[in-house]
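Taking the form predicted on its own, here's one chain by itself in structure tokens.
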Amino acid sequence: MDARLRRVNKEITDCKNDKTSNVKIDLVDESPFHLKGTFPGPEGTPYEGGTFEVDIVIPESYPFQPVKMKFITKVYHPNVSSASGAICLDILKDAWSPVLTLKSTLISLQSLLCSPEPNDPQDAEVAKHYMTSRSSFEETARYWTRIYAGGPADESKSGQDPVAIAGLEKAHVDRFEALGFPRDKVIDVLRRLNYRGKNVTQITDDTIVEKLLS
């Protein structure tokens, strides 16, 4: 058994024996080098109550090279790509150390959900939303947690509302839809323009209509 396999097997066993962290690691297709990590959303955040899955690939030179991780569960967060699940976290790149483990890295991802770094974003649009209107961002992140991570239901909202998923105000979408533009295009344009919070007063209707017509 090579050193990499011994190390990974020990880490998987240690994680299974740890009943306090709530971090789980499972094999994917019986391969010890392709794994799935799972952890609960941290309390006191918009991710609370959700269960988040992470795809883990162990490189050949592990532990001297960082593991490759990306979210399987869709997450609305400045440092996670809302499209691909790619993660911006220093220990997955230059700050990696062989003393880090799969469990400690997953716990760092959990901590990242608590403390976004919008100035070093993986998803620029989400980072803009976070910095423009924190309350609106948190509402959207909470909504994504419910829809994609099995988070607690908000009884006042049901179904997958594309306006809420985009972090927009329904009244704003309705106004431009009433001009005859397709709803999905209105949502896409307003999302790309970051038409939220204080930005609403800074973006003219003419700018929006021009984008809708292009």
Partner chain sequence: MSSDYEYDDDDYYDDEDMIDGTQDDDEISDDDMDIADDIKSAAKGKLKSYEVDYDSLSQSEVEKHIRDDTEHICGILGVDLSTAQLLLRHLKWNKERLIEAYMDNPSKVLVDAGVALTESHSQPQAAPIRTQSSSSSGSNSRRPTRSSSKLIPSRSSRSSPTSPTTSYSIPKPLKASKSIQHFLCPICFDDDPALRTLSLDCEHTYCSGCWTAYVVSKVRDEGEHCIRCMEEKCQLVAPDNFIQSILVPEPGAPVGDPTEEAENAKVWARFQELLIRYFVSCNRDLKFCPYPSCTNTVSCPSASSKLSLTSVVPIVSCGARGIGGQDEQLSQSQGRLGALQGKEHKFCFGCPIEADHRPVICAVAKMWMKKCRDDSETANWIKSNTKECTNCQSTIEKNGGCNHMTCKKCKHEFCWVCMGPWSEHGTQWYSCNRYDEKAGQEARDSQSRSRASLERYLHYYNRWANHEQSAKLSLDLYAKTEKKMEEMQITSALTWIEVQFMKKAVEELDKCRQTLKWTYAMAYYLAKGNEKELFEDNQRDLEQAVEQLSELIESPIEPENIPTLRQQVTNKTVYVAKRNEIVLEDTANGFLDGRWKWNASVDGFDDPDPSLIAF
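Numbering follows the first chain given and starts at 1. This is a predicted model, so every value here is computed, not measured.
Beyond what is shown, the protein has a form predicted together with its partner chain; the following relates to that form.
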property: Partner contact for Val99 in the predicted complex: its partner chain, 4.5 angstroms, heavy atom; result: yes
property: Non-hydrogen atom contact Ser31 with its partner chain in the predicted complex at 4.5 angstroms; result: no
property: Close approach of Ile91 to its partner chain in the predicted complex, 4.5 Å, heavy atom; result: yes
property: Exercise: Arg7 in contact with its partner chain in the predicted complex, heavy atom 4.5 Å; result: yes
property: Candidate stretches 178-186, 165-173, 61-69, 35-43, one within 4.5 Å of its partner chain in the predicted complex by heavy atom; result: 61-69
